[in-house]
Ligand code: ADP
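Single chain ahead, written as structure tokens, the form predicted on its own.
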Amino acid sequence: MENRLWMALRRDTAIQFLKGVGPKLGDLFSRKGLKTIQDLLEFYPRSYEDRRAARQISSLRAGDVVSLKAQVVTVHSVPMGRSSRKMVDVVVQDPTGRIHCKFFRVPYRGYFERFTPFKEVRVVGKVLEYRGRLEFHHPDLRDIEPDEEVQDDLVPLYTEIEGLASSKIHKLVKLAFAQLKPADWGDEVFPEWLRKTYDVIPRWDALKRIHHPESDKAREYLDMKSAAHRRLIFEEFFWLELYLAARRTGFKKEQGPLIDPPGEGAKRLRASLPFQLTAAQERAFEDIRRDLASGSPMHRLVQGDVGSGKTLVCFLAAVTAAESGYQSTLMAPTEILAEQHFKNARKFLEPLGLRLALLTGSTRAAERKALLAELAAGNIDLLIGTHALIEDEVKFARLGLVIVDEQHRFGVEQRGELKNKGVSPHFLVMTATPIPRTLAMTVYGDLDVSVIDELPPGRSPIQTRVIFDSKKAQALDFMMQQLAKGRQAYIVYPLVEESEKIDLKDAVSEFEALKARFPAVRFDLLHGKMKPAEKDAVMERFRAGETQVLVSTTVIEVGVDVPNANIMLIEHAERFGLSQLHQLRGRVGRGEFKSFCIMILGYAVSEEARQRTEFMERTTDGFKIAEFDLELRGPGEFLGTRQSGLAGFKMANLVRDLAILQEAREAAFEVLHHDPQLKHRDHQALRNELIHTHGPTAVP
């Protein structure tokens, strides 16, 4: 019976039936999301080890990626600062010398217990120079295996699964291939014309080669540029782009609200402003106005730097919609930002006769009931709010325009629920997180993109300095000088309250310490754990100038607008992403006064953290910062993997593989241009895969 199961292996066979696995190991794989033979074969090597280039310690140079055999000398842990965190230092030696292997986090529980003195180990990693000494940081460190002497080859390396060694995973993969035939895998989904045009090999070949690398092409494999890598990267991008292109094609077929009035409201709004719109704002609004009048629903992303005037462009769109008798809604990720938008809307739009309302989780029951009745009756032109907008009882009479702010903070489902409250309404999303234009057009394939790439005149540049904690007293003295001139300040911390696990300063403790140190200064505290009414009161005091210094967490990252605040201190700046730092810095420089941002680095800062913060000193251009951030950390955080489809990538990398991404986008649009509904015989496999992944509505 066991032999029959072994011989009848298919890609959907449960992994436990692979010879050498069994129920216990099968359960371990399953807990890591590997349930079938297909899952195992799509558990790609994360890198490769060229054992033909094995080295000795005395010959190592900084920057080398090497494999060497060595013997453990000592294993000891070193405390890191005031926290309970520790760095583990494993010293190894060979006949030519010694080298330190440092680990700043534990790969998994019990990882270091097997590395006892005199143990023979293999070390694979990149040689670094740190404080004048060569060492490894987080190398692959594992036992020497009995058959290693004959493995003088290019060896795939897999991420270990709770102690299951890379070599064991490789043996299981080889067993699976020995029992599978191409026919067991299923038909090739890419038609031949597509493979030839875009130079991609068949999928079965790619799978075999990715796990059985060709040693004469070691450099290609190590750089993730082999033919196998190209095929698998291309297909990951292709499925995302085909889905987005299909959505876009579907949108164009819908009938959207026709919003094409003479534009008197927009003219009146422009005339009421104490300044002129920038050329970039005018271009973005012209894009929007053209979409509104097209007869198809708009799906547009407006991206612009902090303070570039995106909201005003959206207000122009809402005025235009109101003139045609349509309602608009604007959803923001936080109550503070929703209230900020509502305040600005009252300032700019109420004088034009627009009827406005604000709906958040804090709206009282009686007020909420009356508001919803007015909304359903069509007596509200623009409803601004938070997630509360997507609740079932929120019903519009004639919703024509949906605006979503900081769209990367919402998932597809939340945006979709809001859009479904109208009949194919126009959809406008905006973000202050700049994304390189090429990348935005590629990743947001279902959205047209408008970029507001200039700031309004009169915005003063922000001077940025990076200092270490040892110079914090001087930074506080400088802050006091600005307060004496009548200005206000922010001090931002990464934590709300003190943590035993992380050695970082926190807002609550530091707030008390600052009050004690500067008794004459009026401090206030703001963080995410406070009740909405408390937050509102704190912000209102700061806006009114009653508070001189606002001690806060990143709750002020987006939307807070206090023109008199001209100095920002960010504690533990190394803990924040570049886009976060840029957003925080954008809270100052909003008035006529020269503004300053001081980024304070904490204890034991990595070289990468120093590079990131020093880059912030050199530029205030959000697009340059976004490109640098993308190169350093990849796209996940600032593009929002929840809504972009990026979370599912097993091999593709948006920075490294941008050229392949653009080819995959071109291929997807080429397929749908010639066969919009994927009805052609050559495209049936593409259609089936798209429906299998995204449901029957994915095909237009």
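For clarity, a rigid core is taken as the largest C-alpha set superposing within 1.5 Å between two forms. Worth saying up front: this structure is predicted, and the values here are computed from it rather than measured. Numbers follow the displayed sequence, beginning with 1.
Here the subject shifts to the form predicted together with adenosine-5'-diphosphate, a form of this protein not shown in this document.
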Quick one: of D524, D561, E323, E235, which gets a non-hydrogen atom within 4.5 angstroms of adenosine-5'-diphosphate in the model of the complex? D561
Exactly one residue in Q488, Q327, T464, Q281 has a non-hydrogen atom within 4.5 Å of adenosine-5'-diphosphate in the model of the complex; which is it? Q281
Answer for T311 alone: is it within 4.5 Å of adenosine-5'-diphosphate in the model of the complex, judged on heavy atom distances? yes
Look up in the model of the complex whether F468 has a non-hydrogen atom within 4.5 angstroms of adenosine-5'-diphosphate, and give yes or no. no
Taking any heavy atom pair closer than or equal to 4.5 Å as contact, tell me whether L277 reaches adenosine-5'-diphosphate in the model of the complex. yes
G602 versus adenosine-5'-diphosphate, in the model of the complex: is there a non-hydrogen atom within 4.5 Å? no
Heavy atoms within 4.5 Å of adenosine-5'-diphosphate in the model of the complex: which stretch among 302-310, 328-336, 174-182, 109-117? 302-310
Members of 581-600 lying within 4.5 angstroms of adenosine-5'-diphosphate, judged by heavy atom, in the model of the complex: R590
Quick check: G591 between the shown form and the other one - does its CA shift reach 2 Å or more after fitting the rigid core? yes
